[in-house]
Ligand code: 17E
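Before any questions on how it binds or moves, here is one chain, the form predicted on its own, in structure tokens.
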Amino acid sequence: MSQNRLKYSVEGLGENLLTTQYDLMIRHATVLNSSQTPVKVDVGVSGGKISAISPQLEATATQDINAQGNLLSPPFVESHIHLDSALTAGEPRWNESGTLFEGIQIWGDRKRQLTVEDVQKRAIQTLKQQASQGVLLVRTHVDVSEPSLTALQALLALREEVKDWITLQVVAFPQDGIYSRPDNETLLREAVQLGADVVGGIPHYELTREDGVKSVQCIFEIAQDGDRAIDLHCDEIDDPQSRFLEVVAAYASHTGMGSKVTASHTCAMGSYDNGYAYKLMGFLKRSQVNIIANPLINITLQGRSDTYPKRRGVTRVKELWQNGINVSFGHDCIQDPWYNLGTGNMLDVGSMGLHVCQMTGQDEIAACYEMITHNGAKTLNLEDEYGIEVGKPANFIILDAASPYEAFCRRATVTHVVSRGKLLARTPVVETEWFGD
């Protein structure tokens, strides 16, 4: 199955490829080929692109980095986060119940205080924190349910400000639903006209099933009219009767939008009976819809009304992957009204995913690493510009580990982050001094 392999491409360019000088040289790195075999290589970078990959490059460079045999990987991809609410935990109060709906209420109070400066300050702090840990592609949802669209304007401006070192996609997300207030559909359309990259929605939070279906139809119309991708919060609830994912799959098939459509969360799928769930997976595969799971937040938010046994709340990641459906992982929240923890480390997200979804086989661990790298790039429709291949942008990271398995085991430090061919961040590995017997 192709999805359970890391898709690094090592070009056989010879052992003595000569050039006058590279801008950057990575020496003694380990990459994984298509069969997951580790290969030792040097990588030369010129003009912001990968110029050469070879077992040995006999050339000079303006800057040399010795990877010391560690893993050279494409950067981590943050498929789903809310930068507009990041770093607001406890403002104006803490979410004591830990539920999704109390979080929405708290955010409803906090967002009245938003300013462009407030949103941008917290967002840039979060992006730097993520980038220092290897994240160079981010898709952020931004609430467009308030009339001033302050958060949207802040993040659209920030998208341009950071584009030289991180790729930021902005989703226009009607947090309160499209039909909960008369102006919300207008605000969503305005957000797309202002430049949002992706059209969002939350059909399970509409007042009725009929309104939820109507909202999906509206989202597809807006996306087609504006040539935008779609990413909906879909069935983020434990209710087994919440079945908007089938509606999304149907519209994706009917419109031919396929891989430009993403359903995030899909928690109710964990509560569906197997007969329906497996029928639905067939529809999803046919439609080519992407799925984003957010294991940290959904293992925390969901199952709150259960006694025991408690539901995990995370969608059927393992089964979706086994059925050839593109699945990626996201943080969703970093220190906000829904989740007051989080550091931006995608290895935390992947590790929670492989534990909760019981994906501890070697191929399964490799798949979870893909869910924070290649699969995320595919979800964001950026896979053509992503990967360790000659001619592609020089965006990559070096981890203090020899493999994805080791990276998860030890929560490996991302020692070097290279963006657009330039060293963006460097983090030394902390060494423990032992003074015992």
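For clarity, every value in this text was computed on a predicted model and none was experimentally measured. Note that residue numbering begins at 1 and tracks the sequence as displayed.
Keep in mind that the form predicted in complex with ligand 17E is missing from the display, and what follows is about it.
- Although ligand 17E is omitted here, in the model of the complex all of Gln175, Leu301 and Cys333 have a heavy atom within 4.5 Å of it.
- Of the listed positions (Ile297, Ala293, Ala151, Ala123), a single one reaches within 4.5 angstroms of ligand 17E by any non-hydrogen atom in the model of the complex, namely Ile297.
- With the partner omitted here, the residue from Val261, Val142, Leu100, Ala367 that has a non-hydrogen atom within 4.5 angstroms of ligand 17E in the model of the complex is Leu100.
- With a 4.5 Å cutoff on heavy atoms, Ile202 counts as touching ligand 17E in the model of the complex.
- For the chain shown alone, Phe244 is not a contact residue for ligand 17E in the model of the complex, no non-hydrogen atom being within 4.5 angstroms.
- Contact check for Glu236: a heavy atom falls within 4.5 Å of ligand 17E in the model of the complex.
- By the criterion of a heavy atom within 4.5 Å, Trp321 is excluded from the residues contacting ligand 17E in the model of the complex.
- Only one segment in the set 167 to 175, 87 to 95, 279 to 287, 207 to 215 has residues whose heavy atoms sit within 4.5 Å of ligand 17E in the model of the complex; it is 167 to 175.
- Residue His265 is the only member of 254 to 270 with a non-hydrogen atom no more than 4.5 angstroms from ligand 17E in the model of the complex.
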